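Here we start with a single chain on its own, the form predicted alone, put down as structure tokens.
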Amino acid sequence: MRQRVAADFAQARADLEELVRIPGCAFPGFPDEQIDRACQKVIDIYRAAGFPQVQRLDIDGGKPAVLAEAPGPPGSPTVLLYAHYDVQPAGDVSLWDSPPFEPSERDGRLYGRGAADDKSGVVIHAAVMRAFEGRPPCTLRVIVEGEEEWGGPFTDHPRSHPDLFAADAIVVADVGNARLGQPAFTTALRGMGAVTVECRTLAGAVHSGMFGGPAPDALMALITLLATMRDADGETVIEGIDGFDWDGADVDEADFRDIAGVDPDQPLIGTGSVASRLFSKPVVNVVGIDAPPTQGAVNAVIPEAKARVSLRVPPGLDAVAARDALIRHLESHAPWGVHVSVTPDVVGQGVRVDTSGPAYAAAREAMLQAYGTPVQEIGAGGSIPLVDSLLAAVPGAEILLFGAQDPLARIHAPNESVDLAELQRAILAEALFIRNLGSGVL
């Protein structure tokens, strides 16, 4: 299997480069033509890989997905493989060292928007099919969606179409390892909730010298309110939202500082292990604020100010209840009696998966075979709302999250990339997992 994957890797890379060249972004304002191009390219890749059934799935109100299927031997397990072909916008192109939609290799990494997140997952599944020469030892079903980065109706598709997602094991190839060459299962995902909070205090701006003092400053009120969400250590303090100590692999502080770009003279905030702060404790951030810019600012008392607040919810807590707790906190901590309005926004449930079943046993052996070292269990600070939907739709399936991403991939940021050696190991690991599961080699 190792030799087959190695011999085929040039094709896997070629598939990835073709996908990277297509700027398929599901965000509003981006052309649907590029989404359609990306969807069709995925169809072409899977047909060429040997899947006997490949079709486009039109999602009502959303972007199209791709369904590919290949039957295994009678009585063999069914494995569902997931990825997504849509990408984040490139952002400021001047911050990229090479054009975002023109793949470029540097120091063993292939750069381009989506090279890691998640077109790497798309090509992993195709390469695995080729490794089995079109005759997998398990029934394989691949679903590749086209709106994961933006969010859309596909998130609820498993609940409304459970038969389509029915499987013994589901591999979500939209994550990766905490360190190159060190295999990892992502076993926990934080949930999320977002709100918009607004302070309105005056009919309009007034002169800060003539009226400042008794006239309530909306921006100062908002700043004071936002500050109540963290304590002196930087810990998130919202009644009803508690975390726990992470019991899996820790995160090296020096590595975290380097990857996150924390200035050497700045402390890390919060308490507990770095892994706990990332994976299993709540964190609230102000991700946007509407206020007058400093350029051209006038000496006036601000009449209104608005902020978007993002809350990451520990796995095991209901994200809707946590968002409601955030709303109660903001409404009850308004300073000086000023009026505060809070508007709820998106919510996504976190998850923690059971790792005690036979699919995980097959995958642990596959990781050891592919990487030569035992697999770790890690968490992810981000959210994948689809996983909660899968758990609800297919409660008997084992859900495994592993893939080719790594901390240096800089997903969602300029200069996104995938390590090509890691991509090849991820292909091998998935192929060996399917082989082990299909043959009962545990």
Partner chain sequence: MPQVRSDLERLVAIPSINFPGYDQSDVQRCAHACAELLAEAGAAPELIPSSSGVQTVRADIPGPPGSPTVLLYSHYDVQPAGDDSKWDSQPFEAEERDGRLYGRGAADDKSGVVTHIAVLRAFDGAPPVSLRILFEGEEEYGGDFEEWPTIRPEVFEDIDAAVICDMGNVDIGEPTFTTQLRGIIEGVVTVNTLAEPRHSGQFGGPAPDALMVLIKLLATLMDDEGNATIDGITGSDWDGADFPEQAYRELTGVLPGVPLIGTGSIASRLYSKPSVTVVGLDAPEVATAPNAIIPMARAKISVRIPAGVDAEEATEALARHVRTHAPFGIEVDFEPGPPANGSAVPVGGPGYEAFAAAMQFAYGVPSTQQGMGGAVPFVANLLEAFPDLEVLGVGAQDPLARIHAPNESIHLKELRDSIVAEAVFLQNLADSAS
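Quantities reported herein were computed from a predicted structural model and do not represent experimental measurements. Positions refer to the first chain, counted from 1. Think of the rigid core as the biggest set of C-alphas that the two forms share within 1.5 Å after superposition.
Although it is not shown, the form predicted together with the partner chain is what the next lines describe.
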Can you confirm whether 267, 287 and 296, the three residues that make up this candidate site, all sit within 4.5 Å of the partner chain in the predicted bound form, judged by heavy atoms? yes
In the predicted bound form, the residue from 162, 316, 292, 344 that sits within 4.5 Å of the partner chain by heavy atoms: 292
Tell me, out of 182, 310, 355, 98, which residue has a non-hydrogen atom within 4.5 angstroms of the partner chain in the predicted bound form. 310
Should residue 411 be classed as touching the partner chain in the predicted bound form when contacts are defined as heavy atoms within 4.5 Å? yes
Residue 201: touches the partner chain in the predicted bound form, heavy atom cutoff 4.5 angstroms: yes
Would residue 254 count as touching the partner chain in the predicted bound form under a 4.5 Å heavy atom rule? no
In the predicted bound form, residue 134 touching the partner chain (heavy atom, 4.5 Å): no
Tell me which stretch of 360-368, 232-240, 154-162, 101-109 has a heavy atom within 4.5 angstroms of the partner chain in the predicted bound form. 232-240
Since the partner is left out here, which residues of 360-392 would have a heavy atom within 4.5 Å of the partner chain in the predicted bound form? 381, 382
C-alpha of residue 337: shift of 2 angstroms or more between this form and the one not shown, rigid core aligned? yes
Did residue 212 shift 2 Å or more between this form and the one not shown, C-alpha, core superposed: yes
Has the Cα of residue 202 moved 2 Å or more between this form and the one not shown, judged after a core fit? yes
